[in-house]
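As structure tokens, one chain now follows by itself in the form predicted alone.
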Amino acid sequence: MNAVDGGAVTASASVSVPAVVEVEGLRVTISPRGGRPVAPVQDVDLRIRRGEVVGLVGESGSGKTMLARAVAGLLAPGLRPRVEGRIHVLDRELGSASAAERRATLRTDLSYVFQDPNAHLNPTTRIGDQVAEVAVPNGNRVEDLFRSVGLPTTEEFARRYPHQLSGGMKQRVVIACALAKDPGVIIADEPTTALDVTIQAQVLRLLRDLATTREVGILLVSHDLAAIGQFCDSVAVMYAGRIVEEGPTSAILRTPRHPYTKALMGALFDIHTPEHRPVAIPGSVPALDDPPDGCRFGPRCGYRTEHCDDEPELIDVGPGRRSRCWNWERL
């Protein structure tokens, strides 16, 4: 896979296409029992348009999953989360909505695909019955859903149990369940983590095709910048709870405007340039309860200057592009 090509993505969604998700000034604070409150998501703006695949990328601990679950209303109650800011899904404002209104939106407008399909599928129920449970109340047919995700439509296949399927087939069943209610938005949280490389590409291509053919807005959460480059229209790079760079995928991968994005690319292996040796990013993502002063990537950054002692804002650095870096022009 070419890490910097982005050629599989046809074009960035036009600004005239309506947004299915709009997030403004999102802050998520959690208060685990026995620990002090921390904010794994801070000051995040995000927009997903109909038919668009938006990639959300960053290392483990950057806040990607917490952001995705906040949008979906799936934060664990045990974390005692507090969500501030605006979350708008299709025609509903979830930030100020009641619990019942949020549940209604999640039942009808938004589907969430988790990392591990085994955690989603009931091992004691036939896969056809599991999909039918969601499909029938929404006027959809199991056979049509199986066909749309590239699964066999035979009765014999529908009568199988999850343990009789490969990992890739199980993830396709989960995606069929996600499509069964005709959502406007799908959030796919590291959906290929447990799959081999070939099957990963097949599942990601399926999500790409579904965005195009069904005009679903998709948020694809991943730590894999190479996958993001192949299948996403735009990308938001997250680090230590904040978006540090965002814009059209092809532009960002060709000319990154934040040192963290450039470091992520440098850590990739590219089969098209075998002479390139991946370079690990020094250090680690800072602890949530002890972020560094100034730029949060500063302690790991090779472009750091005294100016970086002040925390940068997310500023315009080109058409449709923003970066949270004082020194973006030096990259």
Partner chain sequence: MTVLQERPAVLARRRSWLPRSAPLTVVAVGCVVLFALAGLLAPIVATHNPFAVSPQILQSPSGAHLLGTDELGKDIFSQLVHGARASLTIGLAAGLGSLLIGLVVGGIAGYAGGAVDSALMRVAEVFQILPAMIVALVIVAVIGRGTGLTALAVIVALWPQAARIVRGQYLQLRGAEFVDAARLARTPAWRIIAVEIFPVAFPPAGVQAALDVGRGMLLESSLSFLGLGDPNSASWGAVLRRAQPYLSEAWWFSVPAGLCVVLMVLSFNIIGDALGSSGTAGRRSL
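All of these numbers come straight from a predicted model, not from anything done at the bench. Positions refer to the first chain, counted from 1.
Below, we refer to the form predicted together with its partner chain, which is not included among the displayed structures.
For its partner chain in the predicted bound form, the listed stretch (33-41, 65-73, 302-310, 47-55) containing residues with heavy atoms inside 4.5 Å is 33-41.
Using a 4.5 Å cutoff between non-hydrogen atoms, residue 294 does not count as a contact of its partner chain in the predicted bound form. Contact annotation for 287-308: residues with any non-hydrogen atom within 4.5 angstroms of its partner chain in the predicted bound form are 287, 290, listed in sequence order.
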